[in-house]
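In the block that follows, a single chain appears as structure tokens, in the form predicted alone.
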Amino acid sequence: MNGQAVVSQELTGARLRPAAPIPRNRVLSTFEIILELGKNPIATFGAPSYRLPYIPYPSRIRRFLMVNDPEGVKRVLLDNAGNYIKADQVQRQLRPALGNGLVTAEGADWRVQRRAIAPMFQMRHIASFAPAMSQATQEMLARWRELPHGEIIDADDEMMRLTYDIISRTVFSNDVTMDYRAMARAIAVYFENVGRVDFLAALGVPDWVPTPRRLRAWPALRFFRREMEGLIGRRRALLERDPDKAPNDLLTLLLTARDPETGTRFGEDEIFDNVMTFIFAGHETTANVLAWTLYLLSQFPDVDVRLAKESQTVLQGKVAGAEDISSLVYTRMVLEESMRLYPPAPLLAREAVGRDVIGGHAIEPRTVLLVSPWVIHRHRLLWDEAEYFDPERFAPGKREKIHRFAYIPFGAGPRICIGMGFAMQEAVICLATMIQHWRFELVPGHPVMPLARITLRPQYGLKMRLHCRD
């Protein structure tokens, strides 16, 4: 990685630094950044990025400003959010798969979709999905018990499989015909090709030009479109034929949702685009959160022991449910610290529509504002011993003192992730249920490195040995 050390972890004195690229001691030029962004965007940030509140990148092509100051982040994502739309590079990564769904829509389209979809993610609906989350986790554990003692698994793949199962149950009531392995391969192809920053796109090559990466991604998109169109068609036919027999899942809610202001329903394209959004955003991000958490627990046995003790005390051997979440305080602390070090979406980019001033920096139209949870969560001005794993940062009484815009694993402002409550419930249920029965040991010598491809994935997977606590 251009002379940078790639290690599973680094010992600094007696402390263990979880896996991460080692920052360079300088700020890269704009041209260097464009090249490096195509490899691993989080490796482009030099040491100054983790010390300075603002870093401007003047360029003849376009101006960039990196915003690490929480008050500046608040200005971009909340106070003047209407002046900042998603940057075109982000849209090029997401729109081929997600179309004009909730994640990618702007302006009036976004407001209509947000109003209509918001009721689906009220707590009463989210709590109703807890049994499906618990059942999927229980079935995964039953499968693990059939494995030989000390079997090696890929924890990243296992968590992807688990969260895909949960999405299948909660969004589609198990009406998905798409094989997990085929789906996983298609997502991997898409993320590796369209999910990386495209040098040609950065130079202004139009979206319709068939670049090599786009050509490699199109078969994966055709696969998803064929599968999802069939699923949506079956559900729509059931709702028309016998609505009382339609399952009360997110797909039914989406097909019957109405804009509370106008009473209109979603069109065909909006239905499809938001179904794709649920699949991509609803399983990929939570799977990564769980995988990174298992990695951290394998490196910090004292945290693992304390977490297991809490889950065993609260759950008493049963599967976690919605009623247990409020008692699983340390479980949530561990997950929040895991998302601090390994945020599900490591990079956010906004493009200025009009002029503004942020932190004394004049913002011209088309300036790109880079807000990176990866950097902000590790910033030296915001966190003590920022690179180290310490769930106590999120203990009751301490959690409330963290600046709201210094910790943004789900974004912030009007466009905060609408599925945040769903994801946290899912992660707590899955983690607590797993940890009370199983311990995870990273296979010695297995390399670990976070790789940014829209989401933050373990570049080489996570080979781990399963140890039953029972």
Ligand code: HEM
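Everything numeric here is computed off the predicted structure, so don't read it as measured data. Sequential numbering from 1, following the sequence displayed.
Omitted here: the form predicted together with protoporphyrin IX containing FE (HEM). The next part is about that form.
When contacts are judged by a 4.5 Å heavy atom cut-off, residue 423 counts as touching protoporphyrin IX containing FE (HEM) in the predicted bound form. Put simply, residue 409 is close to protoporphyrin IX containing FE (HEM) in the predicted bound form: some heavy atom of it is within 4.5 Å. Taking the partner from the other structure, protoporphyrin IX containing FE (HEM) in the predicted bound form has a heavy atom within 4.5 Å of a heavy atom of residue 419. Within 4.5 Å of some heavy atom of protoporphyrin IX containing FE (HEM) in the predicted bound form lies at least one heavy atom of residue 344.
Shown without its partner, this chain lists 160, 251, 167, 320 as candidates; in the predicted bound form, only 167 has a non-hydrogen atom within 4.5 angstroms of protoporphyrin IX containing FE (HEM).
For the options 72, 282, 96, 391, the residue carrying a heavy atom within 4.5 angstroms of protoporphyrin IX containing FE (HEM) in the predicted bound form is 282. Heavy atoms within 4.5 Å of protoporphyrin IX containing FE (HEM) in the predicted bound form belong, among the stretches 262-270, 137-145, 101-109, 309-317, to residues of 101-109. Interface residues of 257-291, taken as those with a heavy atom within 4.5 Å of protoporphyrin IX containing FE (HEM) in the predicted bound form (partner not displayed): 277, 278, 281, 282, 285, 286, 289, in sequence order.
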